[in-house]
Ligand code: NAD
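Coming up is one lone chain in structure tokens, specifically the form predicted alone.
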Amino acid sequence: MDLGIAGRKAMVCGASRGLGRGCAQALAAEGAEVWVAARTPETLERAVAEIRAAGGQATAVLADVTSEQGRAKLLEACPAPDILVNNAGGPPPGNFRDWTREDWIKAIDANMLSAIELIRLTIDGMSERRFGRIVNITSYMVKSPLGVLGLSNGARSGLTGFVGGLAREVAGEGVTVNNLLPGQFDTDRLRSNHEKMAAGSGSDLEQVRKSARGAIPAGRFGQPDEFGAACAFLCSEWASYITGQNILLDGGQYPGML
């Protein structure tokens, strides 16, 4: 299927590895010109080089999009994106009794306010051009919260509520806004969480991972490339009637209907 986004300009945050990289690769494979934003020079340059080697168009932007300076640098490199994929690493797990106000502000700034600010800075241009796709990578924990991930749950739920209202305001202007809610994907972030869980419980890491896989009806962790494919479809011409949605990609782990 031709997704109809060849030549579109795509801004992908946190895209040097993991789910963000999967999205950048998928968009580039569909012919979009991709600006890859990340904080780590080594992984950023590697990701861009591999996208180019596969025939895609990609530009590296070394920037922390959770900061005002980083967002300004990204928008200077790509001032008029047709596609925006918001993505930022989540805060660490822990016990809410140990979290300070500073911890909460940092989580909200990184996983809610930075995405809203990038949307604010790009959405009017999308509306004027009558085409825009905004995809926010949040988490399936928005629907099925886990206590130890409370910082992430709170911040991402706030972004979810904001998107619910915004999507309906711009739906008639050719702009869609959706959230992708990943479950357990085989990324560095997941492994790091499993390592912390193993250390905290005194368990073996592989046993923790085996138990995690056992809780997923699909019987496996997701792969970043299949996540990227879902993102690319949401950014396509064919997804123009999908907006304001929270789309789970979790191998069936969430037990509810809504």
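Position 1 is the first residue in the sequence shown; the rest follow in order. Since the structure is predicted, the reported quantities are computational estimates derived from the model, not experimental observations.
The form predicted in complex with the ligand is left out here; the points below concern that form.
Undergrad: Ser16 near the ligand in the model of the complex, any heavy atom under 4.5 Å?
TA: Within the cut-off, so yes.
Undergrad: Looking at the partner-bound form in the model of the complex, is Lys196 within 4.5 Å of the ligand by any heavy atom?
TA: Looking in the model of the complex, residue contacts with the ligand do not include Lys196, since no heavy atom lies within 4.5 Å.
Undergrad: Classify Ala63 as contacting or not contacting the ligand in the model of the complex by the rule of any non-hydrogen atom within 4.5 angstroms, answering yes or no.
TA: Result yes; Ala63 sits at the interface with the ligand in the model of the complex.
Undergrad: Classify Arg156 as contacting or not contacting the ligand in the model of the complex by the rule of any non-hydrogen atom within 4.5 angstroms, answering yes or no.
TA: So Arg156 counts as contacting the ligand.
Undergrad: Taking the ligand in the model of the complex as the reference, which of Glu102, Asp188, Asp98, Glu76 has a non-hydrogen atom within 4.5 Å?
TA: Exactly one listed residue reaches within 4.5 Å, namely Asp188.
Undergrad: Which residue, Ala28, Ala38, Ala232, Val48, is the contact with the ligand in the model of the complex, using a 4.5 Å heavy atom cutoff?
TA: Selected option: Ala38.
Undergrad: Just one of 120-128, 180-188, 161-169, 76-84 has heavy atoms within 4.5 Å of the ligand in the model of the complex; which?
TA: That would be stretch 180-188.
Undergrad: Taking the ligand as it sits in the model of the complex, which residues of 207-222 have a non-hydrogen atom within 4.5 Å of it? Please list them.
TA: If the 4.5 Å heavy-atom criterion is applied to the ligand in the model of the complex, 207-222 yields nothing.
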